[in-house]
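Below sits a lone chain in structure tokens, taken as the form predicted alone.
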């Protein structure tokens, strides 16, 4: 099957599958009431529901916002939305979109063009990562909402024992050596999931490479940068972590939550993870299941560098707001979207749910700084972050990486980058299947 066949097949499957969702179509306006906008949201701790209520109240009867829920995992969210849109479901108005999937939605014509006045408002003083993640082919196609990044978390006592100066940038090699010296864990996400792609992409980007070097090209002309010095360096780091044992016996199944749990215990030393680990630990102290001195031992620094003296490119994640091109209420949806991404609402969302803002001004909010003392570092990290490959075929690229770079114990810099590049190229050209 050629690349065109891959595209046809994906669209046909999505269109056929939408039949199963016809009974789930959300309701429109109530009789005599204001128009109802459906905002499809990813699960969180209730922050999006609060924002929807606030924006509904502020609309003064111009519209109301309802919140159909998407699945918990990002691939499931993508699948449900793609099925609806491929089936011409006009009940979808607003969508919370994981940035890696935005090019696919934009390329398929599922995202309404962002009006110039809206564009001017929502792009003002936004962190670089979120702006990149909302853009496809040099056009803003979604509204930057909240932006996420990973930090290097460390136990101050362990870093001191290892002789590491955490006020200076540190490398993966230094962390591996420190973990071996102190016999503590270096937490990384090695499970076969999107978190593995996040780690691979951050390492390759930090080594000066790119997984996909020409994202704007036709799929049959894609040039992958896996079989490169940067790809081999990333594989070397992964191999060393696995073979040295510092990643722990659960490395092949380690998720963000598993690593956070281990970091909280006596074996915790270093970990790359999202900011949720901070409010999580605070909650445990409040509940009495973690001692306050353990929380006081938490430190944070910029994501590890691949080479001494070179800047790392931390992961970028989060959620951006897409307005469906199929919506019959696009003007109202954009008004609601502007309300949703308001910088004050972003700041409140950060405090309540732990999801960092895309708006730079929100990081200066005194309540944000009180709740997240590492907020300035998060903002700096987001400005230096590297998005995952921006392509309508992200699902195929990520799936190919997870198939060839997992488990970490079998990763080999001499073979893995080359094998993964060959497999993904074949998948994109329709010569292989995941």
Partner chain sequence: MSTLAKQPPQEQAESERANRTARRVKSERARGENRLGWMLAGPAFAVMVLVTGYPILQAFFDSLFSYRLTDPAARRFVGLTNYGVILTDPVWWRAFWVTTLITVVTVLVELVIGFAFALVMLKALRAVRPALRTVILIPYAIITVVSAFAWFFAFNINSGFVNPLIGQPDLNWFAQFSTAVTVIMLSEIWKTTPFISLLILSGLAQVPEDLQEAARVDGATWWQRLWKVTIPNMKAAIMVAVLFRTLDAFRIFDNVFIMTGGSAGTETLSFGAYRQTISRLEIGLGSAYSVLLFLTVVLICVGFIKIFKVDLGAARGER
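Numbering follows the first chain given and starts at 1. Just so it is clear, the structure is predicted and the values come from calculations on it, not from any experiment.
Not pictured, yet referred to below: the form predicted in complex with its partner chain.
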The stretch from 289-297, 197-205, 82-90, 340-348 that lies within 4.5 Å of its partner chain in the predicted complex, judged by heavy atoms, is 82-90
The one option of 307, 214, 282, 253 with any heavy atom within 4.5 Å of its partner chain in the predicted complex is 253
Its partner chain in the predicted complex has a heavy atom of only one listed residue within 4.5 Å, and of 128, 108, 325, 118 that residue is 108
Point to revise | Complete contact of 249, 395 and 432 with its partner chain in the predicted complex (any heavy atom, 4.5 Å) | key: yes
Under a 4.5 Å heavy atom criterion, is residue 361 part of the interface with its partner chain in the predicted complex?
no
**Request:** Please check if residue 66 has a heavy atom lying within 4.5 Å of any heavy atom of its partner chain in the predicted complex.
**Result:** no
Subject >> its partner chain contact in the predicted complex: residue 192, any heavy atom under 4.5 Å >> reply: yes
Within a 4.5 Å heavy atom cut-off, is residue 56 in contact with its partner chain in the predicted complex?
no
